[in-house]
Structures are given as C-alpha cells and as structure tokens.
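Below are two forms of the same protein chain, given as structure tokens: structure 1, then structure 2.
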Structure 1
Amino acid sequence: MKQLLVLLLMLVTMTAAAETPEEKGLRIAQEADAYDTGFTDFTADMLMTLRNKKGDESIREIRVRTLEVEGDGDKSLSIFDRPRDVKGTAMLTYTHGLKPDDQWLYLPALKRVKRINSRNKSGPFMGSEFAYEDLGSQEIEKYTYKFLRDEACGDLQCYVIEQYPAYKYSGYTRRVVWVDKEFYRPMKVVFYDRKNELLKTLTNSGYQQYLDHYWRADKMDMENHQTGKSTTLSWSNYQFKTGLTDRDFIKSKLKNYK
C-alpha cells in the first residue's frame, strides 16, 4: 500500500515535470480564455487620451459594443463621438484567429461605407499608441506560448508568459505578459518590436468584476519607450449581457449609429 502511494506520487511528479514551458504557457492561456468565456456581449464607453513627448494631450471618445462569437473572434462596433470632426464615424470589425479580420469603416461626411484592408494589424488605432492588434479579441491560436516564471506583481502573484504572434504581419516579435494567478487578469504586457527591441509597456489597473465573474480594467496605460508618447484608455459604463445579436453587427446599419 505504502509502495503504491510512493509510485503514485512519483507518477504525479513526473507528469508535472513532463509539462514543458511551452505546454504550461498554452495551458494558462487556455485557462484564462475559458475563464472569460460566456460573457455573451458587452457595451462600454472608452475615453482615449493621447499624450506626445511634450505632454500635449488630445482625446477621443468612443462607444464600444462587443458580441462574443463561439469558435471565432468577436464582433465589435466602435462609434466615435470625439473629436467632433469624426463624430458619427463607425467601425465594424469581425475579428478572426489567424486569418485577417473583416473591417468596415463608415465615413459620415460622404455617407460611405468603406471596407478596410485589414491584413496588417500593426498600424496605430486613431493615432494612438495602441495598435489594432492590441485592441482586437485575443484568440488562443493567435499566439504560441512559453511560461517563463512565477513572480509577484504588486500585491498579487503572477504567471509571466512569453507570447509569439502566430499570425503574419504583426508589429511584434514577442510580448511578455504578467497574468494574476487567481483570475487570469493581464496586469502588464511588454511589447518587443520586429527587431526584438523594447517598444511599449501596457499597464492595466482598476480591475472591476462584472456579473460576479468577468474582470475588466478601468484604466489601460500604454507607454511607448521609443517615442516617449503614451496613451491612456479609461473605460466606463460597462454593461454585460445587454441582448445584442448578430443583427446589431451588420454593415447596412453602420450609418445609423450616431
């Protein structure tokens, strides 16, 4: 009996040891994804503050609506309220895993819906330090993973995981992500550019829990170390399970979101 127990213990230890850093990284990403699954949809207001090296600020106000899509990337709609000259502009995105997103932009001055060639997601969103690829839904297959270490992050304990974009035309060679062990919330992300040089750091703070389960950060600070510019996203009015459907995310409705 005692021998059996020792054998079992040995087996458990061996299985654990057999998990490579790559497997552990993937497992944590899968657990994080599973934790956030089932939010169905949400709406929120985003205030984006852009800061240049001199500290001059400019703002954008955007209303965001997102629909969870099972087996594919989410559908999202962004409606611009400020700056005033782009008021009424709306962007519809069907995010996908490895294949390029489908994206349409409605330009109110011309009443024109323009499909955007979205193969390359490395470009900046609205002149900010956030690239399109930073804001799209984070599907598991978009990256390969490697667990680096356990580390304290503020008062919390974090997994530190390295992620390598699996889709083409990313602006990064890798991202290093700190996720807290209890709720898999990304606390910090460090981005390395195509030359593998330090590019940006994203710090998330003010996490709030919605529907007693889903966590969203109130504040996201992105600092570009190469240009000295930074962008802060402040989120408010988060509402989950609002009853949005596929019919709310169609091209022909873009001109009626104001």
Structure 2
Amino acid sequence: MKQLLVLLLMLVTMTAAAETPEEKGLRIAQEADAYDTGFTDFTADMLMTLRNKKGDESIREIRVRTLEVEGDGDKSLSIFDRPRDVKGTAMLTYTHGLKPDDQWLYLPALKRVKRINSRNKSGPFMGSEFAYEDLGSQEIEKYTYKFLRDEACGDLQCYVIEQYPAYKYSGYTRRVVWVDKEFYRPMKVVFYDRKNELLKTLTNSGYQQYLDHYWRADKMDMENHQTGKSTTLSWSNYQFKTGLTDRDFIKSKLKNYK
C-alpha cells in the first residue's frame, strides 16, 4: 500500500510538472467556473458610489437579477431606483463566450431601448469606472490564460493568473487576477489598457457564503489609476433560487420596470 501511495504521488507530481503555464491557467479557470456552477438564479440590491478625483461622491441604488444559462453565459438585469434622474434606467445583458455579448440599455429620458454596440463595450457604464464588458459573466472562452505564480493575498493563498481577451473590441490587453486557492474567489483584478499600461484595479472584499457553497463579495472597489476616479459597488439582500426564468429577461420589458 505504501508503495502504491508513493507511485501515485510521483504520477501527480510528474503531471503537474508537465503542465505548461497556459494549461495550468486554463485548468484553474475551469475549476473556478465549475465551482460556481449550479446557483440557478439570484436577486440582490446594489449601492453604486461614484467618486471623482477630488473625492466628491454620488450614489445610485440598483436592483440586480441574474439567471444562470446552461451552455451559454448568464443573463442579468440591472434596474436603477435612485436618484430620480436615473430612476427607471435598466440594462439587460446576455453574456456569451467568443460571440459578442448582447446588451440593451433603456433610458427613460429618451423613452427608448438602446442596443449597446459590441465595439463600445469598453466604455464606462453609467459614468462609473466599470466598463460594460466588466458587467457580464466572465465566460471561460472570453480569455486565454497563463499561470504566473502562487502568492499570498492577505491571509489567503492565491493563484495569480494572467488573462488575455480572446474577443474583439476589448478595452484591455490583459488582466491579472488573484484567485484564492480554497474557494476560487477573485480577490483582485488588475486591468491594462490597449497600450498595455496600468489602467485600474478591482478589489473584492467581505465575501459571504450562500446555500452553503456559493461565495459573493459584499464590496467591490474599482480604482482608475489614470483618472483618479473610483467606484464602489456595495451588495446586500442576496436571494438565491428565486424562480427567475427567461421571461424575466426580455428586451421588450425594459420600459416597464419601475
């Protein structure tokens, strides 16, 4: 039995040694995706705090709904409740792999639904430091991967993975992601612009576990290093498996959310 255990350990070691950084990066991404599969749907409330370079703040209240889609990316809906000048604004996203995401934005002031062009996904969402392309589910096919190193991230141990967009019109040349080894939670993401210069950093904190398995961050801080602006998303009131269906994510309904 002891000899068998030694042999198995040798085989595991040899397999790991034969794995290229690209293969390891992809494997970790696949394991993270598999870990978060099966949540079905959720609703949540979000507080979006925008800060300019001087530190002045403006706050927006948003309701979020997300539906897991088998064989494709998630569907998500964001509905703005406050302040009054953006109340009723709603964004619907159908996330895909390499195929461009489908995104629509309803603007009450114009009383029409605007389709977001795939070439404009790098633009800021509602004046925030989050781009449209940051807001959809991050499907595995959207990137190619490279494992860089193991590294401590606070009290945790993380994999550090470099991701290269595999789809057209991304606003990034690459992203570097810190993923904790135990639960595959993204702790930090560093974004580099089309000139491969440091653009912004996303830091996730206050993770809570739901359904005894799925982890979601209470707070997401995005700092733009080039403009000095920042945006914080504060999440609350998560509810999972609420019974959402495709009928709750229809473009023609965007005008009706109050």
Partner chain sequence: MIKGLTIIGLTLAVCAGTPASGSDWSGYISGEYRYFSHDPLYPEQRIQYWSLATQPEYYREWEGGDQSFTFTPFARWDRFDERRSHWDIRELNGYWNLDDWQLVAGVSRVFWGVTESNHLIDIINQTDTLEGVDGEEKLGQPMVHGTWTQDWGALDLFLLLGFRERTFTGESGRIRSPLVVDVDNPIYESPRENKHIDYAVRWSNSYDIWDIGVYYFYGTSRDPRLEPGVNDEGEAVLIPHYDIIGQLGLDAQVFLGNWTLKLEALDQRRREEKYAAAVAGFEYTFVGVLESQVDIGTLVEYSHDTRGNASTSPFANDIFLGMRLTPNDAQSTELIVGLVYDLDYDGEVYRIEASRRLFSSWKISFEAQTYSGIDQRDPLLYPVRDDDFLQLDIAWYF
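As the structure is a computational prediction, the values presented were derived from the model and not from experiment. Residues are numbered by position in structure 1's sequence, first residue being 1. For the two forms, the rigid core is made up of the largest set of C-alpha atoms that agree within 1.5 Å on superposition.
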Self-check item: Structure number, where the criterion is the form predicted alone
Solution: 2
Quiz item: Superposing on the rigid core, is the CA of N120 displaced by 2 Å or more between structure 1 and structure 2?
Solution: yes
Quiz item: By how many angstrom is the CA atom of K251 displaced between structure 1 and structure 2 after fitting on the core?
Solution: 2.4
